[in-house]
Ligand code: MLT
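For reference, the chain that follows is the form predicted alone, supplied as structure tokens.
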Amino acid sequence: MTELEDELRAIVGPAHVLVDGDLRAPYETDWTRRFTGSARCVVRPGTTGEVAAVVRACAAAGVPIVVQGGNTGLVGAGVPAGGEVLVSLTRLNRVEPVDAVEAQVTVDAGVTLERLQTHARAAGLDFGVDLAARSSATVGGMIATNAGGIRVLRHGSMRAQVAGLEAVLADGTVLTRLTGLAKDNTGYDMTQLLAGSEGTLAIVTRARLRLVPLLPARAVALVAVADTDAALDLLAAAREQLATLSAAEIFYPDGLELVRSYAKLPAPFGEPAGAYVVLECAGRTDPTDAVLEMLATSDAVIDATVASDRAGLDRLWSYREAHTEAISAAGVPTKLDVCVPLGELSALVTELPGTVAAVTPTARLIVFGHLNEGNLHLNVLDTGEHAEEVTDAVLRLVAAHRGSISSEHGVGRAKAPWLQLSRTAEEIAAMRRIKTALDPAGLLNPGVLLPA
């Protein structure tokens, strides 16, 4: 065991090879606390060259690798199953100056979303993806999972922001394509292939990212509606009338009650409602009047509150963004991230409680998500020994509604056995051929994405 570790120490320095159990422990359990495993060691390279050398050493020894960014993943893809070398990319944290003419920037894979946002905004620009885990989630992990977040409605998911990548293949070969050209039809698009591949094809070490205009004027509305159908009616009105619409989120009474208890928030309205929608508009000028006018003309609105000042924006967003932490504080959830056509969303929401209760009547279901994309985050607390049965029942229900078992969190290890619900046998076979071509020994994130 020590021969490989000694080689790794020579590559990254003794301080960055962790073999002691207590030092490895923070890397070996995911954010949900549901997925955990024991790594052979944790290695923290600081450059692309060091990543490549680490990969070559592991390949020569025939030892598999698990890749980890900020460890905010929710499907078990970034923690070891047992015996792998865990490669943490958090030391890859350099940012280059913003290219204002191209509206692009090149950053290392270990840079957090929050730091990227701060860097872009200092140059008068912004980054198009935002999510609640911004302080910990890293660029590399977001590319690997094709992360979405709250502003997909306006800017698209993570792969839409990626103009180029640097990545290390399973044999240590380094691919570098960071020119960021607007048009480049010179063969296969390796950048888009690696986006969403969950570390199974290569290790992303740097990225050339597109930036968007910085829009300083924002307005947020928290709206009480009767149910999911009413929320969709409100969304349709907002998309038609609000050219500056940038986010549309949904949550339900059970989630609101949990968030209020956890974050000590007051009731947002005098009377409870069947569902709640958060709408955000962003522009160069204050969009508040347009938001108020839209709300006044929508029959879906039961009650609403609107804010445009920083404190008010944060206060209204907190009812939605505190969901993940409140759920985690309540227990270890079975977390499922799914997407269905908007025409199927209301039926899915209606059928979910009964589907879960049929497996385990005492479980608690908390639902929230990104309304515009039909993307729901399903969190089932108190599943006990029935987590796999709940997963199976829910994902089969989603498939019956023409949905996807993974919207933005990835498939990971958690949902790999159910991949056939969203992909045909022919598609899975083609993906296996790609995996075999780039990683013939199966050393990168074994067991992730593709079912065993």
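Everything numeric in this text was worked out from a predicted model, so none of it was measured. All residue numbers refer to positions in the sequence shown, first residue = 1.
The same protein also exists as the form predicted together with the ligand; that form is not shown, yet it is the one meant from here on.
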| item | value |
| --- | --- |
| Region of this chain that lies against the ligand in the predicted complex, out of 283-291, 369-377, 163-171, 190-198 [heavy atom, 4.5 Å] | 369-377 |
| Touches the ligand in the predicted complex: Glu408 (any heavy atom, 4.5 Å) | yes |
| In the predicted complex, Ser88 touching the ligand (heavy atom, 4.5 Å) | no |
| Contact test in the predicted complex: Lys335 vs the ligand, heavy atoms, 4.5 Å | yes |
| 4.5 Å heavy atom contact, Thr324 to the ligand in the predicted complex | yes |
| Interface residue in the predicted complex among Arg134, Arg320, Arg151, Arg218, criterion: non-hydrogen atom within 4.5 angstroms of the ligand | Arg320 |
| One residue of Leu74, Val349, Ala247, Val98 in contact with the ligand, assessed in the predicted complex (non-hydrogen atom, 4.5 angstroms) | Leu74 |
